[in-house]
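In structure tokens, one chain follows: the form predicted alone.
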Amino acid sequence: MKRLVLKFGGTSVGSIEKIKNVANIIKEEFSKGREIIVIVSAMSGVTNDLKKKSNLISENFDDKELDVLLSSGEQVSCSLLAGALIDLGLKARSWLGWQIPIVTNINYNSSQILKIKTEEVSKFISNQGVAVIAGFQGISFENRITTLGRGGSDLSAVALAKFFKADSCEIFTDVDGVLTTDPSINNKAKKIDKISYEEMLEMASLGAKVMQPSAVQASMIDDILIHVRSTFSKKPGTKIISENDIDYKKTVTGIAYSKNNAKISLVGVVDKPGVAADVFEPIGSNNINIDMVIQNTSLDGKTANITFTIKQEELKKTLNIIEKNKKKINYQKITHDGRLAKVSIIGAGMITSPGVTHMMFRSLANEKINILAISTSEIKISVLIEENLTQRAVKVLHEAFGLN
């Protein structure tokens, strides 16, 4: 018998009517003779509202108590959906993470799943039951409730598909699948029928919000078939599969972007072994992620300019850290810009297609969009530009690479 993991996001269960619609989708899948495990997110907006409430109590709300608070949203939607299935005549029950249990480490607010006990749920679904499991949560070996980070229900779904040896993991959302770019800034975006794990990971990491990056990575490691589809239509959606199963007819698969980036440049840094480590060690120890890094050495080889990017909200903190370490770093001056965007083209077809870099840069130049920094990998090229030019850049690249 085919076993499916079905995950429904916050927009899919955002109201009572939507929950009833989801229950009908599950009933239809169940009627085909399939074993069904369902994972649900909190109703849309609930997690943000709970986070705001914690901030009203304290700006330094305890991490462990925050996990207890935020995980309650999934408990509500989990129970409502199980109740809706029972009302349709199905045998169903809800499970919270600690009841299964889904065991995680102790990285509260951003835990990783270590193991999942499968016996009780497996017995239930093999006896014609539908298991409805709260996503985003687990329990640590300290016997405390944990959460998996924002968007963590995707990670719950992939992990459950792995431990329960599901034939497929279906991610239901409010769009028809993975699109070539964000339709809110380019209405000519179109659905991608198939995309590789590697491409999806790049897109998710670079700003596409269809799936959480760690969930894509987990599915890639265990070769779990992911099907992203709409809760609100019968269209086939997008399959995320192995690179070996994709025929690359297009060089570029999609365009991703992220706003709220900041750039810091250290000018006239004394060029000596270990200087980059001196710059980035105190930043990293303060849990600030560095993205792009560019280092240019002067012609005489005595000094260098080091430019790097971070998230906009980390700018002030990072500048303070650098100022505190000025004597150790030994630079002449520092400049920064806090309103930048990163725009990226992604596609495994770029590996065997010369001229992609030129086409990207020429397309942006023709629109008079200045490139402030560049980073590359085998399947992506990212550029840093002024934030107010994001939409224009995405549109021109989308057209240049034949994605309209």
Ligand code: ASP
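Residues carry their position along the shown sequence, with the first being 1. Note that the structure is a prediction, hence the values are computed from the model and not measured.
Absent from the display: the form predicted in complex with this ligand. The rest refers to it.
Option from 309-317, 110-118, 280-288, 143-151 whose residues, in the predicted bound form, bring a heavy atom within 4.5 Å of this ligand: Flagged stretch: 143-151.
Residue contact check: Glu202 to this ligand in the predicted bound form, 4.5 Å heavy atom: No - in the predicted bound form, heavy atoms of Glu202 and this ligand never come within 4.5 Å of each other.
is_contact(Ile345, this ligand) in the predicted bound form, heavy atom dist at most 4.5 Å: Although this ligand is absent here, Ile345 would stay clear of it in the predicted bound form, with no heavy atoms inside 4.5 Å.
4.5 angstroms heavy atom contact with this ligand in the predicted bound form for Val38: Contact with this ligand, no.
Contact set, 121-139 vs this ligand in the predicted bound form - heavy atom within 4.5 angstroms: Read in sequence order, the lone residue that approaches this ligand (within 4.5 Å, in the predicted bound form) is Phe136.
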